[in-house]
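Take a look at this one chain, the form predicted on its own, written out in structure tokens.
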């Protein structure tokens, strides 16, 4: 039995709407990554008010490890239908391109995998209980939200499982869960911040999201938001900053540049803001000039768009629903 379709006011079907939002989540990650990369580590005061695609270390419109790992996660999910830690680790290794800007911790985890250390043990050897707070698991999480969009409880479980492949600190894992929950809420048309807050499993993320809510009482500048929330690679800071950018701005073209203008870990914060805003508004809301600027060779823009469609197909065929 095929899933039931209904007509939206704009003439599109429900299935087309889901597919457009799914593509928006993945391509939104890519666009945010590419917009933010040239400004990574730059003080927010030195970032132009009008952010556009500019030349970067690999060229204009190219992506970093953020999008490369997102692509690998999507491919593994399509193959396995769920998070399979061993398969996902191999997908990360197969996709690895050192020129994409991987962090030292991730490269060390990959090295241990290659040397035969079990996937379940490697991250723990690299990061002790005080480490791995980073946003590396959150930045790549959009495929999880697309695949399990209609099952919020399963979405949380799978997001945490995907994070633990490379992260061990509770904040690093929780950042991925919160970001996935936010994207899932955007895909379903639900309250993004409320859903994210409900998904938070650590006091630190919960407090950061409470701070986001308090900041929404009036319009804020990037400088104010950066000073209050931070925008470093720490998952607690960057996930909160990304969600503020997405919720406080009513369109993709405003939200993602706002995230870049926070400074700090600009490519990842913008990638996460792009995932949430793209999921909320769909691919059609992403400016064409940004989409057209994205690299489109092997595993480029066209491939990412096709992955979103295939993730929707996987969910539809296995759950018999595509709401």
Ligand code: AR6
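Positions refer to the first chain, counted from 1. Note that this is a predicted model, so its numbers are computed, not measured.
Only in words, not in the display: the form predicted together with this ligand, which the text now covers.
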Exactly one listed stretch (173-181, 99-107, 242-250, 210-218) reaches within 4.5 angstroms of this ligand in the predicted complex by non-hydrogen atoms, and it is 99-107
Can you tell me if residue 169 lies within 4.5 angstroms of this ligand in the predicted complex, counting non-hydrogen atoms only?
yes
* To do: Although this ligand is absent from this view, report whether residue 135 comes within 4.5 Å of it in the predicted complex, heavy atoms only.
  => yes
Q) Can residue 268 be called a contact residue for this ligand in the predicted complex at 4.5 Å between heavy atoms? A) yes
Original post:
Can you check whether residue 127 is within 4.5 Å of this ligand in the predicted complex, heavy atom basis?
Top reply: yes
From 156, 233, 119, 95: within 4.5 Å of this ligand in the predicted complex by heavy atoms is 233
Picking from 139, 186, 145, 163, the single residue whose non-hydrogen atoms come within 4.5 angstroms of this ligand in the predicted complex is 139
